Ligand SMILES: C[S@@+](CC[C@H](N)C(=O)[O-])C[C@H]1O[C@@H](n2cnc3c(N)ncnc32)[C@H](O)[C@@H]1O
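As structure tokens, one chain now follows by itself in the form predicted on its own.
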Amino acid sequence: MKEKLEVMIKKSAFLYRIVKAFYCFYMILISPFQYKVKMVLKQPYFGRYLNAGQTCDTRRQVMTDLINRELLGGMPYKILEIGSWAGQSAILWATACKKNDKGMVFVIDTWQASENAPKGMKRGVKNNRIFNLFLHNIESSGVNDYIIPIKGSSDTIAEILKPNSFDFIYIDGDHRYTQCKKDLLNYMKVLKINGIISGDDLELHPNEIDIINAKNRCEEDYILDPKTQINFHPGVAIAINEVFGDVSMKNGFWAMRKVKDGWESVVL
């Protein structure tokens, strides 16, 4: 429904101007005000300002159900997240750890914006605004004891982590093909056998898209697929397909379980 609405708006110049004007009004006036109110009230903020809301509503329940099932075992549990921004997904994992009274979430992020990042993210980098919001969010959510932030690039941190040391890995970093594939290859090594590697922003399977167009534009962040008329992340789709082939996915969230002789699907 959302995709059809987006297509309809883009086809109508009049509707597009109205939506764009409303969005600009929201971003300029309402969104920053909501952000400031949340900061004063010591409540978490995941709105549009600074692109703080990075976890789609339709994916949150899928992610929550999966991590709660994985936390049922008796052994200690270590979660690693690559790319956190304002901490929305990290708080989801940490909330599950707190509920199940086990587990710790290690978060890797530079809290900087890539070259092709939206303007809101670039705005968030100034004066450490987004990192301060991350700290505010985890504290106001009551899970700061369950989250350990590691400030640095995913490439650098991958070099110092021990193989087979994490039970669950979630990748939501740079969406460009080159970096996304590098993160997949680097971090599958630090995942334990029977552990799960997962990630965000896989809106379409490669067999659904215009594959030639996707490969030509795989270093772009977010584009419209001419075949399906759905917006998606081409770099994520191509990288995941090359590394794993078909993966378990639901509502843009994907996951695979590491076994001794490769990878197997996960019930989502």
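Numbering starts at 1 and runs along the sequence shown. Not measured: the values here are computed from a predicted model.
The form predicted together with this ligand is left out here; the points below concern that form.
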Problem - Full three-residue contact with this ligand in the predicted complex, heavy atom 4.5 Å, for Gly83, Ser89 and Thr110 - result: yes
Practice task
Sort through Thr178, Ser114, Ser140, Asn128 and report the residue having a heavy atom within 4.5 Å of this ligand in the predicted complex.
Solution key: Ser114
Completion exercise
this ligand in the predicted complex has a heavy atom of only one listed residue within 4.5 Å, and of Ser153, Ser165, Asn144, Asn186 that residue is Ser153
Practice task
Determine which one of 52-60, 65-73, 211-219, 237-245 lies within 4.5 Å of this ligand in the predicted complex, judging by heavy atom distances; exactly one does.
Solution key: 52-60
Practice task
Find out whether any non-hydrogen atom of Ile196 is located within 4.5 angstroms of this ligand in the predicted complex, and reply yes or no.
Solution key: no
Problem - Close approach of Met121 to this ligand in the predicted complex, 4.5 Å, heavy atom - result: yes
Problem - Stretch 209-223: residues contacting this ligand in the predicted complex, 4.5 Å heavy atom cut-off - result: none
